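Let's start with one chain on its own, the form predicted on its own, as structure tokens.
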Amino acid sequence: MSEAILRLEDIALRRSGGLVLSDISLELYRDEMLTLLGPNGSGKSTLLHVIGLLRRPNHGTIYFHGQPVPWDGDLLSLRRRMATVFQQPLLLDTTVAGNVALGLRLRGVSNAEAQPRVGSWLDRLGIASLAGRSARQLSGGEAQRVSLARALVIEPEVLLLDEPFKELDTPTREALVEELKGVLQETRTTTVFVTHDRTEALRLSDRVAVLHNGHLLQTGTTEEVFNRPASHEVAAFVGVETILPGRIIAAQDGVATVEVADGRALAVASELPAGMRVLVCIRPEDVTLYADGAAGSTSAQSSARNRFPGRITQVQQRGSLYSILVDCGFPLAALVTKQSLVELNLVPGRQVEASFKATAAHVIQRGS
């Protein structure tokens, strides 16, 4: 792991008598994209403001390049080494080029140096043709591109993004997310990104920090957090739709047998011993459905150790995919394409077989 630019230790913040952030310890490393992920009201934006030195915590210490932040000293010089993009672009009533140049002017950069830098970022973000246009005449997507250019043109050590795509329509948001990903990879800009959108977090992040009610529940790579959540709350938020309480009744060679509802037993990859109370987490995309009588739909050749007959109880469309809920004696969620939905005739009441591999299930310990 590279150098930690920022380090937070035991951060707590109160507002109106209540705790907004509690016992937050976190590090931000050079060149990484760290995403603060959580539901609305979890404290993500407040934590971003603390990281950006815009809000002073009631307790704890922030270190910038290993040195404690001097809250009663020269904060401005530290803040100028960062740039923030908010949900609303907050543009001045001047031209696009004038808005992008603002941060450079505030930092005393000469016009001769600022102009080519501004032009470069206008071009890079596809808004060079808008340079002379008034900021009041921009669409939402155009305004947010201007806001991003204004932040990036100063070449910040740390870029802070506070749900900058939240107010945009889906096509504009998806295009900007992909464009931003390319820009940040090219410039290697150290970034903290706030979102409640799991898809955005997966597409952009090196690491993810999950917040809930002001508490930091888990920090890790996207693979760790999304596939090995540390708690029920994290699992539910990162899209694990099947979370089953159970008890390990046997364990051998890295495979545990977990008894869940109605005596059903699941084979899961785990080193935990027999007798442990656990939660078994299964992502819907890891579940395969087979329907009797459908061409090519037999599970006989499958290597999955878990196979259960069941009945479809619910079908819901989710964008281009479909969520299928199956009653296998316990509820099991699957995610399928429209082609599979049609070919297998996956409708409520349909009898199916559901399968998943032992390695697809993640186990969270609940105690003995």
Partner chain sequence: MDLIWEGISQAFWLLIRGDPEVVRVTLLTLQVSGSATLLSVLIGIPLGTVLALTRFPGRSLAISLVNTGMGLPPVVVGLFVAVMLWRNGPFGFFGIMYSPLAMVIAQVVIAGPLVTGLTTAAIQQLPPMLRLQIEALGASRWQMVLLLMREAKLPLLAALIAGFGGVVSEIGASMMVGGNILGQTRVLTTATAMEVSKGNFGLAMALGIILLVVAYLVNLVFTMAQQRGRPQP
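What you see is a predicted model, and the numbers here were worked out from it, not measured in a lab. Positions refer to the first chain, counted from 1.
This protein has a second form, the form predicted together with its partner chain, left out of what is shown; the following refers to that one.
- Interface residue remark: Val342 is not counted as part of the site for its partner chain in the model of the complex, having no heavy atom within 4.5 Å.
- Proximity of Phe86 to its partner chain in the model of the complex falls within the 4.5 Å heavy atom cutoff.
- Mapping the unseen interface onto this chain, Ser147 counts among the residues with a heavy atom inside 4.5 Å of its partner chain in the model of the complex.
- Among residues of the shown chain, Lys181 is not one whose heavy atoms approach its partner chain to within 4.5 Å in the model of the complex.
- Scanning Thr221, Thr187, Thr94, Asn111 against its partner chain in the model of the complex with a 4.5 Å heavy atom cut-off leaves one residue, Thr94.
- Exactly one listed residue, out of Arg133, Arg203, Arg277, Arg80, brings a non-hydrogen atom to within 4.5 Å of its partner chain in the model of the complex: Arg80.
- Across the options 255-263, 149-157, 173-181, 204-212, residues that bring heavy atoms within 4.5 Å of its partner chain in the model of the complex belong to 149-157.
- In sequence order, His49, Leu54 are the residues of 47-75 having a heavy atom within 4.5 Å of its partner chain in the model of the complex; the partner itself is omitted from this view.
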